[in-house]
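Only one chain comes next, encoded as C-alpha cells, the form predicted on its own.
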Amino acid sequence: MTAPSKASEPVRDGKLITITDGLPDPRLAPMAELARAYARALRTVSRASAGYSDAAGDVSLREVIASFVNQARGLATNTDEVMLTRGSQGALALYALTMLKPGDIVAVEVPGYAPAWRAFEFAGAKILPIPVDQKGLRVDVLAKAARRLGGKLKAVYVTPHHQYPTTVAMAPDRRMQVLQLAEAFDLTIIEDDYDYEYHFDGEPLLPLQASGGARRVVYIASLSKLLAPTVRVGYLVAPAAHVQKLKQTRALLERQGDVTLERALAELFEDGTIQRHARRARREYQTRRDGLLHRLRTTPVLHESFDYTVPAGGLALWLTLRHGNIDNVAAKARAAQLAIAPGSSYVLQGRLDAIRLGFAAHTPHELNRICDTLARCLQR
C-alpha cells in the first residue's frame, strides 16, 4: 500500500492539479522575510562557531517553541523537553527508532496516517489497527486490545485535534479515557498535532499533553503547516529523559538539524512575523473552505454524491461517496487532469469510498476547477 504524505506537493503544470491532503499554500508564506532572516542567521552562525550544535536543535528556537506551545496550546514545558526535528515525520521516525524495540506493538487509528505506520514498522514494531468513528478513536476497542496484549502494547498513535484523514475531533470523554488507559497499561501516547493553528469555529480543544498527560504523552507538531512543506522543521515535546535518548539517536543519524534555518525561524517568531502570517492564513483558509462548501452544496451532482461533516478546523474535508467506486472516480479524474488519492490510501487493506480534499493549498479558482472536474467525472 502506498499513501499520501502530509508533505506531498500540489502539482500545477498548467493542466494537472493534484488535490492535496491538507497542505498550506506556500504562495502565502512569508518566504522573503524567511530568506532575509536566514541570511542574517548564516552570517551570525559563521562568525560565532564552526563546530557542531546541540543534537536537540538550536537553543534559541527551542526556547521560542517552549514559550509558544505554553501560551498558545496550554502546555507546561521547558527548553530541555523540546527537540527540533526534520518535520513531524522526522520526529515520528526518531521516536520509533529510539523508544521502540522489534516486536513492540503500537496501536494506530484506521483510517489513518500511513507514513507514521511505516515509521513504526521501520523500527521493527508491529501496528495494531483501531477503528475511528464520529467521536474519534474507539477507546473501547483499544482497552480490549490492551487487556489482551498485556505488556506487548507499548504505545498508541493519535491525531485527536483533527483526526487524519477523517477530520473528526476526539470527544472530551474519550480524551480522558485514553489518558486513563495509558496510565493503567503503561502506554505512551504519541500525539500528532499537525495543524493546531487552523481552527475556524469555536475554541480548539487543548492537546492531550496539556490535559494532564505530560508524563505519558509525546507531543509532535510541525512548522511546515505554518509556513510551507519545504520548511522541514518539526518539534517534539517529551520528558527530558526521553529527549536525552532521542539526542543520542539523532547524533548517530545526522548529528544535528539545520542550525541556520532554526535561528532564522526563531527570529521570525520573536518579531511576530510567523504569528501574523498564521492569522492572515487562517482567514484565507477559512474563506477557501467556505467557498468549497458552497460549491459542494450548490452543485447538484456533488451534493448528491458525497456525505461529509464540516470540521471546526483543519485544512481538508473528508468526503464519503454515497454510491459507486471511488477508484473508478479517481481514474476518470486522472484522465481529466485531476489527481486524487482514494480512501484506500488510508487503510491497511480493502477499499474505502472516500477522498480527503485539502482546500488550503488551492486558490478559489483552482477549487472551482477541482469541483467542476469532479462533477463531470461523477456524471459519466
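Residue numbers here begin at 1 and follow the sequence given. Quantities reported herein were computed from a predicted structural model and do not represent experimental measurements.
Unshown form predicted together with a small molecule; subsequent notes refer to it.
**Q** Quick check on R175: any heavy atom within 4.5 Å of the small molecule in the predicted complex?
**A** Looking in the predicted complex, residue contacts with the small molecule do not include R175, since no heavy atom lies within 4.5 Å.
**Q** Quick check on F306: any heavy atom within 4.5 Å of the small molecule in the predicted complex?
**A** No, F306 stays farther than 4.5 Å from the small molecule in the predicted complex.
**Q** Does the 4.5 Å heavy atom contact test between T167 and the small molecule in the predicted complex come out positive?
**A** Outside the cut-off, so no.
**Q** Please run the contact check for Y194 against the small molecule in the predicted complex: heavy atoms, 4.5 angstroms, yes or no?
**A** Output for Y194 is yes: heavy atoms within 4.5 Å of the small molecule.
**Q** Which of these stretches, 120 to 128, 140 to 148, 99 to 107, 157 to 165, has heavy atoms within 4.5 Å of the small molecule in the predicted complex?
**A** Selected stretch: 157 to 165.
**Q** The small molecule isn't shown here, but in the predicted complex which of R288, H277, R232, H199 has a heavy atom within 4.5 Å of it?
**A** Looking at the other structure, the residue within range turns out to be R232.
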